[in-house]
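Shown here is one chain on its own, the form predicted alone, set out as structure tokens.
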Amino acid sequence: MKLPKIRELIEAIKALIVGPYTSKFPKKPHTPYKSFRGQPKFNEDYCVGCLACEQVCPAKAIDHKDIKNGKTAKRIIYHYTDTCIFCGECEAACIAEHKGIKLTNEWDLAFFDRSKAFETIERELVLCEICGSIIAPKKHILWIVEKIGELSFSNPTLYQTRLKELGLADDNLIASIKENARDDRIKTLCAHCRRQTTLTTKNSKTGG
């Protein structure tokens, strides 16, 4: 058996007098370093629901479910804490200034019930006015409009979504166009239906 070194004896005596080197958790809350990579969390103000975080997650800790209810739909995005490896790829890939989902300093993530080890965020979805398919989250479309500015007027889906958000969409104008021209040209449409309405004449039937 090796005898303890003088340095080890000194450190042991210090620990008896001053206290242990470890933190006083759980009596006192532990404060992690600023650079500590804790649980990623969605930000309600920034997340646009684009699913870039889901695409890059190596642990498949992010998933989503799109739910349609008649003419309305929503996207629920899940982050599973028990699967997450806290790598930060989700934050790095976030298109919303890297703030839609962001690493936090939260580290105390123990659960008695593993089925509750997740968080969610919901986003309203925009549907095609002809076929009813999902186009994109409304907030994502508005984010694109803000990024490209006046160029959004080249795409009816973009500027119609923006005008509706501002309460400036004119239903009377749309009704007038329906009677005298191609109202399908100013509808909120998916890429497939937009192509169909572009290739067909006024009297032709637009189809799937």
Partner chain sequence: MDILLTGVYVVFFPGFFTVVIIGLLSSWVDRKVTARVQYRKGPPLLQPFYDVVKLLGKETILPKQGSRFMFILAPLIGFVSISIVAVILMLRPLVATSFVGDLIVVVYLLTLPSLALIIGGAASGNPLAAQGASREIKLILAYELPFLIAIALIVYKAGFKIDLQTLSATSELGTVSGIISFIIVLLCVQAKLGFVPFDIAEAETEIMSGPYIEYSGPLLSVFKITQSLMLFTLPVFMITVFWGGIQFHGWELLWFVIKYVVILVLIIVIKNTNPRVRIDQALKFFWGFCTVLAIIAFVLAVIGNTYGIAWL
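Residue numbers count along the first chain shown, from 1. Predicted model only: the values in this text are computed from it and were never measured.
Keep in mind the form predicted in complex with its partner chain is missing from the figure; the text below concerns it.
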- prompt: For Ala15, is any heavy atom within 4.5 Å of its partner chain in the predicted complex, or not?
  reply: yes
message: Within 4.5 Å, heavy atoms only: does Ala191 come near its partner chain in the predicted complex?
response: no
message: So in the predicted complex, is its partner chain close enough to Thr22 to count as touching (4.5 Å, heavy atoms)?
response: yes
task: Would you please decide whether Leu9 lies within 4.5 angstroms of its partner chain in the predicted complex, comparing each non-hydrogen atom pair?
output: yes
task: At a 4.5 angstroms cut-off on non-hydrogen atoms, which residues of 52-91 are near its partner chain in the predicted complex? List them in order.
output: none
